[in-house]
Ligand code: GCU
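A single chain comes next, written as structure tokens; it is the form predicted alone.
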Amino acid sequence: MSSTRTRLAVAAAAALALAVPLAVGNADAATTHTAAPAGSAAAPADTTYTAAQVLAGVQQNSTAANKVNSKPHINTMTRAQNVNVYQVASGVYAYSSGMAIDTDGSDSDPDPDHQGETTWEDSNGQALGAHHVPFYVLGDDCWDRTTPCPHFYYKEHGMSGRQFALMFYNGKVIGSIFGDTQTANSQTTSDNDSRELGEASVKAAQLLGIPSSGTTGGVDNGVTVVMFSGSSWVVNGTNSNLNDHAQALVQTALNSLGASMAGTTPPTSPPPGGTLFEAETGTLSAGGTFDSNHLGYTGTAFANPANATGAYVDIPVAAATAGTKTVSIRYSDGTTAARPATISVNGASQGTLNFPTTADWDTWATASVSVPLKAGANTIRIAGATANGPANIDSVTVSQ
């Protein structure tokens, strides 16, 4: 089972390119999967969906009406009780949280809390190796000892060991399996809690570009896990090939889930017309993260700069021709105070732009400013003008 450890917040890396799924030719040998989840025939079977399209659909379907839990889960990294699970399609469940690093299993690890066992084993009966197998962690029991459980409890939703899941982070998507459980509440000597969500193996972190040390690794927010229930989504294999088998299912899962969610409405408050550049393609100053724990953003994440004067996000944009362009910045500020920011282009300040408050962190608005751009590549910096730092930044649209 997942062991007690000190979890440190680590700033997320800059957004990365989509992970390229492996070929799906070995999928039938690796899993009993033969069909899409129930109710997923909303699009042609041969439709190919990208990770960005599927993640957008997951976010759109993560609504109060689709929430599974009646009590919030705990973010394993931050300990905040703000994680919810949503049924985004028939038999498919999703949550967004941080990622703490599980080092347990048959692979050796210097983590002082390392345990040699995992709750689930490979097809040969061996404990899973955290350095070889990308796996995620769920609660071992229902904390409240009631049925139905007010939290998401895997046994009530058709899930068992090695259940397949997609994991999204900073523009990447990987395949993973249910491999370990969070310590049950009967183990009173442990600091762990079966209500926690947001822990995965060393291998999962490495594949997603997240620091993977069991003592200093992990990330506070921005990881979305989409779990596929039912026996047809159980992945078979050994420690030596479970990773290959899980990655071979990625495109199949994207297509299946994308088809099941086809026809959902786009995010509210779409950005204005023009050429759009996502914030997660840029870089953040120290302490900032690319997150996905609020609804309504475009792309795969939004920028959450640090709460400090001068904290910034740099977003690369391009202009077809040189000249003065209108730049519309899509943002959210769910606090009670506006968050003005200094706007710079290619290192030259263009003055301060105000970002008024929005109704909440799931509501997005735009603030616009005219700035000079050169033909080709440019960098727009949005830097906090107060100690609160900038607002959450979703994207920049440049009029051409």
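Keep in mind the model is a prediction, meaning the values are calculated, not measured. In this text, rigid core is short for the largest set of C-alphas that superpose within 1.5 Å between two forms. Throughout, we count residues from 1 along the sequence that is shown.
The discussion below concerns the form predicted together with this ligand, not included here.
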*Can any non-hydrogen atom of residue 304 be found within 4.5 angstroms of this ligand in the predicted bound form?*
yes
_Touches this ligand in the predicted bound form: residue 294 (any heavy atom, 4.5 Å)_ = yes
*this ligand contact in the predicted bound form: residue 378, any heavy atom under 4.5 Å*: no
*Kindly indicate whether 339, 361 and 392 are, all three, within 4.5 angstroms of this ligand in the predicted bound form, using heavy atoms.*
yes
_Given the stretches 322 to 330, 239 to 247, 286 to 294, 121 to 129, which is the single one in contact with this ligand in the predicted bound form, using a heavy atom cutoff of 4.5 Å?_
286 to 294
*Which residues within 218 to 256 place at least one heavy atom within 4.5 Å of this ligand in the predicted bound form?*
none
*Honestly, after the rigid core fit, is residue 70 moving at least 2 Å at Cα between this form and the one not shown?*
no
_Threshold 2 Å Cα movement between this form and the one not shown at residue 338, rigid core reference_ = yes
_C-alpha of residue 96 moved at least 2 Å between this form and the one not shown on rigid core_ = no
_Outcome for the Cα pair residue 302, residue 82 in the predicted bound form, compared with this form (closer or farther; change of 3 Å or more)_ = farther
_Change in CA distance between residue 96 and residue 290 in the predicted bound form, which is 3 Å or more, as closer or farther_ = farther
